[in-house]
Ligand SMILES: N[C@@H](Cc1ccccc1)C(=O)O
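For reference, the chain that follows is the form predicted alone, supplied as structure tokens.
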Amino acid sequence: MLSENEIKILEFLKRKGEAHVQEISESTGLPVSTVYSNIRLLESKGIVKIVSEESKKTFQLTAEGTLRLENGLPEDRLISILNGKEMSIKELKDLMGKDFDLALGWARRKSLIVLENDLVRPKVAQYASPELIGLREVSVGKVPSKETLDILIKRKLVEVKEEKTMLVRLVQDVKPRPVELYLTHEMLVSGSWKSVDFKPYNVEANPPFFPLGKGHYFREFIEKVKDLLVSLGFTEVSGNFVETEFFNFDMLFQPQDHPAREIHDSFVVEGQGRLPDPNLVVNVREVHEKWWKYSWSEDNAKRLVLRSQTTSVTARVLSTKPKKIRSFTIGKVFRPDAIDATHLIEFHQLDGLVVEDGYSFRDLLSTLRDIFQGLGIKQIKFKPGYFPFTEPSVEVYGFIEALGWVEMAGAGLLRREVTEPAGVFSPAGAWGIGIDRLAMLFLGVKDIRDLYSLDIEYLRSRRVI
């Protein structure tokens, strides 16, 4: 049984007896690589014999070589422009453009010129490079002298290509029968199926690979968390990456000499921001100076940083004096750190806020339980904790199969020193979750950097969430 391409080659060889692969390719219109592969198949069937097989080197002009053959080599042009007279470097640069440095280098190497201060003085009146003659020879299929050829290759004016040749001879006269892929109704009716061969199916061959498009798995995880919070009645809010220290620290009752505000713990941005409503600024100043007992500085509060926590967005929500709100934000935060498998200098945080009359610490624990159970964590436990802007505070732990109890979040009721300066007098519950580490636990990712991978093969290997 012969394929269509094999039949084409055989029909040609029946006329010629024997031929080179390149000749067969030109006659049949098949690519050389296809002819080679089919010749091997025909040889294995005993229909043709490979008489000889050898490879030879050929030399071709590169694009640069073709250009130099048309316009002349740079040093030849330089000598021609000088025409036996000295000229300044500036004049030559203006005349030769980008070729000047190349021309000067080769002309000096060949002792064609002398440089004196800013003058170029020729040592010859005319010059024709042996390389130019070599380029002409290569262009017509001749091989220059070895010395010239080496220089042309070194100057990347000529490239070497290795060309295989194969002489093939027909040794068995066969009458090829057409090969069909499909058995049709017409073949059955007419009985023509008896006179054709059918190409057998290879049921062990792998089917073609068609990759399906899908979202980045970490982005899908974030969207899943957002959908969950929206389904629980929360509204998404957002803030800017560049934030004033007022909202990033001061409104959250962090004193201006707190270590977290040092330059090595946050990314400082040049310039100053604007402070909000003067009444809010006065209230924040008073609560800092009353309880932390230091002189609060507006200039420090105006300083800009890349937000180190999404709680700055919560602070901005509080500054709108909400009477009742259930909001959340998910976004990037930035902190100086050594990058490794568990640390990045930018990562995602989720901050949640509930402001409601009568909202209690028990309600907060219930809200947190709903969130984590919605994410698939059935076993939750709470442990008393401490955070600067909540009181009471709690740490949330979830049970992950194969990992045991893992800390998931920090939460608490916002301190009065945080809410009352903003004009919020109802109880307010808040929590923060490191989304990246939560995703690593859920998705089985060992290296946090893989959450941001753009490696297409790796992303294809991730299951759809």
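Here the structure is a predicted model, which is why all the values come from computation and not from measurement. The first residue of the sequence shown is number 1, and the count goes up from there.
The same protein also has a form predicted together with the ligand, omitted here; what follows describes it.
Residues of just one listed stretch (24-32, 435-443, 406-414, 37-45) have heavy atoms within 4.5 Å of the ligand in the model of the complex: 406-414. For the chain shown alone, residue 349 is a contact residue for the ligand in the model of the complex, at least one non-hydrogen atom being within 4.5 angstroms. By the criterion of a heavy atom within 4.5 Å, residue 390 is counted among the residues contacting the ligand in the model of the complex. Contact check for residue 430: a non-hydrogen atom falls within 4.5 Å of the ligand in the model of the complex. By the criterion of a heavy atom within 4.5 Å, residue 77 is excluded from the residues contacting the ligand in the model of the complex.
Think of it this way: in the model of the complex, the ligand has a heavy atom of just one of 369, 155, 335, 224 within 4.5 Å, and the residue is 335.
Checked against the ligand in the model of the complex, the residues 266, 309, 244, 329 give one hit for a heavy atom within 4.5 Å, which is 309. Contacts between stretch 124-140 and the ligand, counted in the model of the complex as any heavy atom lying within 4.5 Å, involve no residue at all.
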